[in-house]
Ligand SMILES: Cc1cc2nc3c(=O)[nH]c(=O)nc-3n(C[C@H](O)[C@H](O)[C@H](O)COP(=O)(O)OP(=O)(O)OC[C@H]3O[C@@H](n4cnc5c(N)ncnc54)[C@H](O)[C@@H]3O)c2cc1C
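Below you will find one chain, with nothing else, as structure tokens; this is the form predicted alone, and questions on how it binds or moves follow later.
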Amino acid sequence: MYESYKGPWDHESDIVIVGFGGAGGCAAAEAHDAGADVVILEKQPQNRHYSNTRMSGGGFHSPEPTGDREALKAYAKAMFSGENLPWKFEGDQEDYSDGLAEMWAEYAPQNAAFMQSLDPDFHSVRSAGAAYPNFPGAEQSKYSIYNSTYDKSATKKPKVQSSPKTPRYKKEAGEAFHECLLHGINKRGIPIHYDTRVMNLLHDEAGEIIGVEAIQGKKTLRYHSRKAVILASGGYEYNKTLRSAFLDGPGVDGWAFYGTPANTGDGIIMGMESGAALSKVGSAAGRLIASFPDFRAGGIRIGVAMPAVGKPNAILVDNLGSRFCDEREITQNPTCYITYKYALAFDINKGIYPRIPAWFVFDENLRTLKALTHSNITEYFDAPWSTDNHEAIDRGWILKADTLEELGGKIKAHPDNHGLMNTETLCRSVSRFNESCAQGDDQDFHRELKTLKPVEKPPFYAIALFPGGPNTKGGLKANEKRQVLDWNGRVIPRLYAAGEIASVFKYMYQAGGNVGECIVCGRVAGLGAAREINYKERR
């Protein structure tokens, strides 16, 4: 399976952390504070270092410390695995879900305080509670979601996410979270080796992980870890082979993600090569999003969030022109990061995925309201999207027509529709929705009243939406100590994983969960790695 390595080494430290995102940063800080010598290896160059954490909304779970601990364990277990729910056949990770719930109850209530300990200027604002009120422990746990900001006057979730160009004192969302992490790492003097891509885990003759092999520029470097390696390298959003193997439906060109293109599944591949088991690899935090047709990374679509879905003066239809859901579910918590499953419906008679892509159809009222997407996402990819949406229209990313009939024809001619659009069906769907708006009642899908405004003012527009979102969630199997496990449930010695590469959210997901678990699981992995016996002393 692998060859043992005995040296020489180019660098030595107690702990090698692969990836500098939320999980890697929190792991590094915790390990350092526990007395370990740490180095972070980050594949992106420093001037283009955009992790999923940095590109995120910056929200994170941090239940109130005064909440009931047993209730918090029950609520966490329901989200992570679900076997404590009466309607669930089996748990998604029930062999160690009790341990995961215990870990969450111990560390998650510390999340807000931990982040502020990294940088006293960092500020967090409570924005929400438990998204699943019917789950056990939802109320008694005092579950809370916090938003990240450096604006001390902020009292609620920011309406506009910050960009890399935003001054520190105004940073909000993921940019604020990243700034806080970076400050904490720099304050501790933890080295970050940028532009260093880890390619292989290195083992001794007994199979223990003793370091990594990395490429830095044209050099191959070998880093010895005296205690452990922590994989915090994210998911596989931009790896064609893994997407084809694990994502349902047309996994490569039928999906889009708007996180960092640096997430190419490197850690998952290295873990598998070292005998690691996998867990729910096809799961994702996803909904229905657009893509930048002119921009790809490694031949893969670059996605762009569409928070405008579910707004007034717009509907969502499939490739044939029919509505298929309450559009607000696509963007409303908690359903927003699960609704990618809508797109995976398969027509067994026609042999097609009629909702890949789906089509977001809207009128001039919505087009003139504001930008359909977040400006910060477009800045990370150098992809322009003007406030009035005209730049996207001019580029052909958004189809435009004077009539619905003309719009249907343009959708049908679009290469992603494959000639499936039925213009008459599209017109009927819009007419039916407009009637619901007039009546103040969406009898088909029960969309909330405040969003029921008709699609009636020309010109009309459409944009293709694909399943996807910020990240994949399935990957390596890791226990409550964040130790990576093999297919027999045994610990792979000195190998840990944290973050999206081994997400704890296998059953249900609540917004802010991935960033929250980066804090919790990063800290747990960092502390566990720091407590390992020094390899040379053990020998």
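Fair warning: this is a prediction, and the values are worked out from it, not measured in the lab. From 1 onward, residues are counted along the sequence shown.
Quick note: we don't show the form predicted in complex with this ligand, though the next part is all about it.
Distance check, residue 507 to this ligand in the model of the complex, heavy atom within 4.5 Å: Judged by the heavy-atom cut-off of 4.5 Å, residue 507 is well away from this ligand in the model of the complex.
4.5 Å heavy atom contact, residue 32 and this ligand in the model of the complex: Judged by the heavy-atom cut-off of 4.5 Å, residue 32 is well away from this ligand in the model of the complex.
Exercise: residue 198 in contact with this ligand in the model of the complex, heavy atom 4.5 Å: Result yes; residue 198 sits at the interface with this ligand in the model of the complex.
Touches this ligand in the model of the complex: residue 59 (any heavy atom, 4.5 Å): Heavy-atom contact with this ligand at 4.5 Å: present for residue 59.
This ligand in the model of the complex: contacting segment from 257-265, 274-282, 71-79, 122-130, heavy atom within 4.5 Å: Only one stretch qualifies here: 257-265.
Those residues of 457-483 which, in the model of the complex, come within 4.5 Å of this ligand by heavy atom: In sequence order, 470, 471 come within 4.5 Å of the partner.
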